[in-house]
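Here's a solo chain for you in structure tokens, the form predicted on its own.
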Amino acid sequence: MAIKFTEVSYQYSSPDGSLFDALKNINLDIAKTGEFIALIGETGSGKSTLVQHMNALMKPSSGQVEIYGIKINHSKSKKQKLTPLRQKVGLVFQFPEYQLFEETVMRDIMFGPRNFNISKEEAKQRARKAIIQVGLDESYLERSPFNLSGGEKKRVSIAGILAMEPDILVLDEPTSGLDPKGRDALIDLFTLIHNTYHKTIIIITHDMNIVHQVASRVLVMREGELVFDGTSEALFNNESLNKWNLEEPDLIKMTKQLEQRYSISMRPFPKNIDQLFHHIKDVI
């Protein structure tokens, strides 16, 4: 395993001095390669806190996180060398403005590799490669990141993490604020990265259509607890779905309506419209 959570809890201190349990006794294993994980749950359920433990931006209040063999817990020294972990586990924040601050896109993408002692020339090569990987051309490298559209900023922030060549890519709400075309383009990008480079990808999302379409594994957080860890098929057949305030994807709703109307079964649920048409053709 690349990342292992063992009885991990995390508490925030409130302004009044009371403690808030953001994570409660989390046990979780994540593989180095091959996983496409959707992390879902209500706002405030602990999703962002969980992923910030995955590259040691946060340390547990109790329990232990092991990241590529390095054990992190509350008792470990503050001087513990954690920077190399952030090269292996790349975190893309929800708002790209948190990661974009240089004068040009080239310098922004180079920042991460240079911070890990990569030579200037190699960092430039990685920037050129990364900008192509995210679907932009090299002309963007000389532009100011602050003059880009929202979707372009997101792609550049992802390129900055890809240039560090992480094994695991963690994305916090990467499609928020995008129109359907921009959302689909980013999901296609993540799928391509996953399939081509065999990286484990973890996406925080509220979009159940994305969960159903691409996730091979789903984690559901609720009030700081990990209440579900399994396939999307198992999730959308789970009786607790409504209790967790999660909706079925549009395609599953449509499939169930067709099943009821024509007294047929179309399982497993189709992942896209093309698969739905094939199901209909086979059974009607």
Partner chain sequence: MNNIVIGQYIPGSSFLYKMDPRSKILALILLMVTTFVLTDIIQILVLLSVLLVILKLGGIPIGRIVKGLRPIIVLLFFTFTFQVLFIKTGRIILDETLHYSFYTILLAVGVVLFWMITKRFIKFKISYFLMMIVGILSIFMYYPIGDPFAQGQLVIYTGGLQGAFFIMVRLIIIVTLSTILTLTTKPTDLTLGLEQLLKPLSIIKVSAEEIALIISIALRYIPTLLDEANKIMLAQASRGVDFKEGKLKDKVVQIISLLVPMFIISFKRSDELANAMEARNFVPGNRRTRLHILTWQTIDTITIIITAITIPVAILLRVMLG
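Model, not experiment: these values are computed from the prediction. Positions refer to the first chain, counted from 1.
This next part talks about the form predicted in complex with its partner chain, which is not shown.
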Partner contact for residue 64 in the predicted bound form: its partner chain, 4.5 angstroms, heavy atom: no
Residue 238: touches its partner chain in the predicted bound form, heavy atom cutoff 4.5 angstroms: no
is_contact(residue 49, its partner chain) in the predicted bound form, heavy atom dist at most 4.5 Å: no
is_contact(residue 74, its partner chain) in the predicted bound form, heavy atom dist at most 4.5 Å: no
Partner-contacting position among 188, 97, 121, 138 - heavy atom within 4.5 Å of its partner chain in the predicted bound form: 97
Its partner chain in the predicted bound form: contacting segment from 100-108, 192-200, 176-184, 129-137, heavy atom within 4.5 Å: 100-108
Residues from 161-195 in contact with its partner chain (non-hydrogen atom within 4.5 Å) in the predicted bound form: 161, 164
